[in-house]
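One chain comes next, on its own, written as structure tokens: the form predicted on its own.
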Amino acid sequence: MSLRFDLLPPTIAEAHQHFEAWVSAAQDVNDINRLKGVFIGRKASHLTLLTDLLKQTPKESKADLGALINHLKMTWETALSLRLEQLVSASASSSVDLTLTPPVLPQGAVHPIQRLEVHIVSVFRTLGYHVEEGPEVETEEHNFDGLNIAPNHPARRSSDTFYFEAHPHLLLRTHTSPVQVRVLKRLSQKNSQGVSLLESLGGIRFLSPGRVYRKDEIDPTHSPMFHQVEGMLIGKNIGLQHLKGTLSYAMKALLGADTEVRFRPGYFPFVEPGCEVDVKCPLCKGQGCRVCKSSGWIEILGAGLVHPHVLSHAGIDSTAWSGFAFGMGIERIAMIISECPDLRLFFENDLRFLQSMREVR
């Protein structure tokens, strides 16, 4: 059966004559969508007008008009789909070379200081330590008094410590040791039977990592804000042998199994006796270099047996309980591990440097 184009309204017949030219001239998806709306859209398109016309057509012409509508619908849909595929294919071939390796997007990573802090904590967790936290805004009582630091100690001066003008007894903590004071006070609390929490636990061991603040000039080895990890163990009959065994293990776990550790006498108000812990320089292997100042050793932390005054101040019987404490700077260890000569690089957010630190724990 031949198609009767004479049944088309003049406007639709004219549009159909230009259809192929309009489709060929389409330059993008928007052009195709506009033509779809005109010819086969759901509202006021040529197709919907023809469908409405079919309802009003005399019975003897319905079959002819119906066949013509089906033919036009298929013709318009096929031509528009084919042109859309051509446009998409041309766009893809001109902008993307499918033979090239896909680009690798830059990936974020945990900051090397935080990553090292997590690693330090994980080392001590294997020894039964847990993490305790405290506020960065502290009182003199927790930051100094509870740690046996004398009223005339240089660390209390406003030239060394950040005090709040409106609250002169509040300050930014200069170390994480105030957490030790808070924990010891909590452990000294007794229940209704008169038994302290420390006695019910039989002892405690914990770490207190976090930010600390001091009025230091910014230079390659100093910063007014840096990170520390301090630890404490309280128990019965704790001595230097326990401290040395713990820290020797920790340093080897952090810096390598072949790391040599030595202990030297040192003074800190909150421990007695006190010591400083050195490790054989991992860069020059003890031969002497710029980092270790040609000594072959690097001081890495301070430690000692907890001073009886610190225990007594917290309400703990220093004749029955003893322990040790230690503290280390995370940035200092990071500089040693990474051979970084300048502390400031860890705070400048230079992506090139941070990416180079991905292997630093």
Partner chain sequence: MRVPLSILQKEISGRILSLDQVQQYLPMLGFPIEHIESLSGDTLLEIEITANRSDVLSIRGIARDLAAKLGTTLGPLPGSSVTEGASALSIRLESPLCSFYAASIVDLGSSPYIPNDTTKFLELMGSSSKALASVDASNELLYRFGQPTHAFDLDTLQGSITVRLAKSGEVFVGLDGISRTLTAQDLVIADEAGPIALAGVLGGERTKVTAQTRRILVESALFDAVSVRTTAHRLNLHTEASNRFGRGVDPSQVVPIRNLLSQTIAQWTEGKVIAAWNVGLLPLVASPIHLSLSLLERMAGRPISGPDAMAHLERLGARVLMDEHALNVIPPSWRHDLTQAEDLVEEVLRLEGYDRIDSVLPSVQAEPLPMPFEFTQRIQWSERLAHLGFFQTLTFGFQGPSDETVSASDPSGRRLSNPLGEEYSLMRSSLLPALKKAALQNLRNGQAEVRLFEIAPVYQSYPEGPHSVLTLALIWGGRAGGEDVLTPAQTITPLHLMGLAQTLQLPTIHIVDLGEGLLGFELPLPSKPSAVAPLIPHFVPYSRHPMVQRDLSLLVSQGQTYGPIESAFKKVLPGVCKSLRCVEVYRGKGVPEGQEAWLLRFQFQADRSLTTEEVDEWMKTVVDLLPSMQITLR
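Take the two forms, find the largest set of C-alpha atoms that superpose within 1.5 Å, and that set is the rigid core. Residue numbers count along the first chain shown, from 1. Small disclaimer: the values here were computed from a predicted structure and weren't measured.
This next part talks about the form predicted in complex with the partner chain, which is not shown.
Student: Within 4.5 angstroms, counting heavy atoms, which one of the listed stretches 174 to 182, 149 to 157, 280 to 288, 188 to 196 is next to the partner chain in the model of the complex?
Tutor: Flagged stretch: 149 to 157.
Student: Just checking whether Asp342 would be counted as a contact of the partner chain in the model of the complex - the rule being heavy atoms within 4.5 angstroms.
Tutor: No, no contact at 4.5 Å.
Student: Is Val88 close to the partner chain in the model of the complex, meaning a heavy atom pair under 4.5 Å apart or at it?
Tutor: It does not: once the partner chain is placed as it appears in the model of the complex, Val88 has no heavy atom within 4.5 Å of it.
Student: Decide whether Leu65 counts as a contact residue for the partner chain in the model of the complex under a heavy atom distance cut-off of 4.5 Å.
Tutor: No, no contact at 4.5 Å.
Student: Would His46 count as touching the partner chain in the model of the complex under a 4.5 Å heavy atom rule?
Tutor: Heavy-atom contact with the partner chain at 4.5 Å: absent for His46.
Student: Need the contact residues for 224 to 242: heavy atom within 4.5 Å of the partner chain in the model of the complex, sequence order, or none if there are none.
Tutor: If the 4.5 Å heavy-atom criterion is applied to the partner chain in the model of the complex, 224 to 242 yields Pro224, Met225, His227, Leu233, Asn237, Ile238, Gly239, Leu240, Gln241, His242.
Student: Is Glu77 one of the residues whose Cα moves 2 Å or more between the shown form and the other one, with the core superposed?
Tutor: For Glu77, whose C-alpha is compared between the shown form and the other one after core superposition, the shift is 2 Å or more.
Student: Is it true that Arg344 shifts between the shown form and the other one by 2 Å or more at the Cα, once the core is aligned?
Tutor: Arg344 C-alpha, core-superposed: shift of less than 2 Å.
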